[in-house]
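So this first bit is one chain, no partners, the form predicted on its own, shown in structure tokens.
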Amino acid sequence: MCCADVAGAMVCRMPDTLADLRALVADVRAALEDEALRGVVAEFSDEAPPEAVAVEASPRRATRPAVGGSWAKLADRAREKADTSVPVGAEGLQLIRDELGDCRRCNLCTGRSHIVFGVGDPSADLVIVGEAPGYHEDRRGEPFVGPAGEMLDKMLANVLGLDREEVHILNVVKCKPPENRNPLPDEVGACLPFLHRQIAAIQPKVILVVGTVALKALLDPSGGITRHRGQWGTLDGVPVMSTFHPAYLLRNPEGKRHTFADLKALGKRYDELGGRRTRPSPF
């Protein structure tokens, strides 16, 4: 987001109160942070290629997905295209994976190493939805690996008392965007019907979305994660909590206390709805 974009946003929405002004500043900060977030993961591992680190050191301005009405239209079209009458559990997920095939529905296919379909318990009571595969995810074909994955695992174990194998982890898009930029609207639109069908097959009791892209795609087309984290929404009748992306927390440790509170609230709802556990909740 350039300065002109920020200025334009402020002209369109002049704050009436100090609280409105603070909320506007939070939105602008969240947008700028979201611009810089893609590529954070590669910075924390010696396995990352030199060019991946260079993106963080000298970032190029990413092309942001459309906001407002465009995101809402994407979500509406995805629901219209998503046949949610799939078998429950592993059988349904396998049918969806077979239909996805060697996907060529958008240009992300040209630069990927692997399609990152998802991982975890096919009948999990908690589904976690991130934004897009990064370098490590693309190499391994699994979401949330590398430093961000380690952070997510700690969040699950230490706050929710759940292991990675007890949940199901998905991304909004299934192929790595170039230079870790945010996925574009056509890329999101190509993947969303499959994501909705995966969630329908899993039938979770609770959903956790991490990061602005996932928030916009599934919960609030005009939302920003800084303002909307910690608030409940619904997706097809399933309670949805949003919070910061684990990669954001690697770079901004001060956000951990907010995420801790969000996860505690999620854990409480998870237990109220009868979410399965192999060990007692930490809280």
Ligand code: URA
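From a predicted model like this one, the values you see are computed outputs, not experimental measurements. From 1 onward, residues are counted along the sequence shown.
Missing here is the form predicted together with ligand URA; even so, the following discussion is about that form.
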_The single option of Pro177, Gly118, Gly130, Pro204 touching ligand URA in the model of the complex, heavy atom within 4.5 Å_ = Gly130
*Partner-proximal stretch of 103-111, 139-147, 185-193, 119-127 relative to ligand URA in the model of the complex, 4.5 angstroms, heavy atom*: 139-147
*Heavy atoms within 4.5 Å of ligand URA in the model of the complex: does Asn171 have any?*
yes
*asked:* At 4.5 Å between heavy atoms, is Lys216 in contact with ligand URA in the model of the complex?
replied: no
*Sequence order please: the residues of 243-262 with a heavy atom within 4.5 Å of ligand URA in the model of the complex.*
His245
